[in-house]
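Just the one chain here, laid out as structure tokens, in the form predicted alone.
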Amino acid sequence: MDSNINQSKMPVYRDAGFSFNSLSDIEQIFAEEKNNPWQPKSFIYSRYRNPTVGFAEAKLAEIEQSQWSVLSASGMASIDMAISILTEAQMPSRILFFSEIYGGTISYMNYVLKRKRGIDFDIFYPEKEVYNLHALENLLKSGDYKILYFEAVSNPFLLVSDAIAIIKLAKKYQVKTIIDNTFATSFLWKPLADGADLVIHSVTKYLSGHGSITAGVLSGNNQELLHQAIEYRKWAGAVMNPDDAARLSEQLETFELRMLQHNLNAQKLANYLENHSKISKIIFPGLASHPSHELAKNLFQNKGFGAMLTFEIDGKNNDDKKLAVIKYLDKSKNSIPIIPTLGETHTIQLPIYAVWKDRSPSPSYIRLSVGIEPIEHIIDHLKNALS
């Protein structure tokens, strides 16, 4: 490559297939594709591997400090990939899911795993907002489970798991761990460094950070799982397109800076809302009042506490609270958009009851994804909406 070419950027290769020079050439490249599927010397077909997508994957692996990262078309595709490469029809195994996980994952469990594939799973619930490790160990040592799936920080009520202790328990009983680390992000915690088998991110959220890409990533250190992940993606067809991969590579350049500001803003906003007369409850791991505050301090090593917070607008009863939410959203929607996602550069919000009726204890909870705007602007928007 010429010295005057910017080697930090990768051209967008939109090719569906790549050309060969001879019969021996094609035989050699197909053989190499099986031996080195993550970073091949030559490319065959973009559903197999694409150089622009591979460039973004290398950046993600560097951020995750993993031996490999495999991109897919969405976070849900990465969840499916992770579970699929750890399950075999010839060796049926139960999966233990923590209850406080993304609602889409719960729908996947019921619709895909149970209804379509006949895979058994159980759900482990917290006790008083804390997962009981003694109860978890009793389940794991029964030998019924081969996979344990949980989130470091739960959606939408931000319960922080004692993740390192949970991974150690799983290893003790030869149970593979899959961790959805979308909320915490690799800025706060890198699960693979603490022994997790696989880690998932919805790239759509903080890794992309601009609300303009839909993608997911699965990362790990086991080479056999790498081969299985790429094979599964190849035949399931859940590949990311090269144009989005090129934009993702550029957006990843600011990941650390963005996450630093996200975390700082969220802490300042949580401190402000904790003393607001119109807020009856504020849920944020960075507050001493949060039940998982000490766990979060230890897990995240004081780098921050994430950029998600949930608060409840005050009201005398449920009808009063619902009316308060309607008024609040009407006043705030132009400055803080109502969007069913998170992790974007600007602050966005979602009324929890409207989406998760069965999981919300009250109709007046708001999930806030805190952006990287000047914190004074965010506070002013909320102050006006709550007045």
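All residue numbers refer to positions in the sequence shown, first residue = 1. Because the structure is a prediction, the values reported are computed rather than measured.
One more form of this protein exists, namely the form predicted in complex with pyridoxal-5'-phosphate (PLP); it is left out here, but the text below deals with it.
Taking 215, 309, 299, 159 one by one, only a single residue has any non-hydrogen atom within 4.5 Å of pyridoxal-5'-phosphate (PLP) in the predicted bound form, and it is 215. Put simply, of 269, 76, 147, 238 only one has a heavy atom within 4.5 Å of pyridoxal-5'-phosphate (PLP) in the predicted bound form, and it is 76.
Contact check for residue 342: a non-hydrogen atom falls within 4.5 Å of pyridoxal-5'-phosphate (PLP) in the predicted bound form.
With a 4.5 Å cutoff on heavy atoms, residue 262 does not count as touching pyridoxal-5'-phosphate (PLP) in the predicted bound form; it lies far away. Contact check for residue 102: a non-hydrogen atom falls within 4.5 Å of pyridoxal-5'-phosphate (PLP) in the predicted bound form.
Put simply, residue 183 is close to pyridoxal-5'-phosphate (PLP) in the predicted bound form: some heavy atom of it is within 4.5 Å. Of the candidate stretches 203-211, 136-144, 279-287, 310-318, only 203-211 contains residues with a heavy atom within 4.5 Å of pyridoxal-5'-phosphate (PLP) in the predicted bound form.
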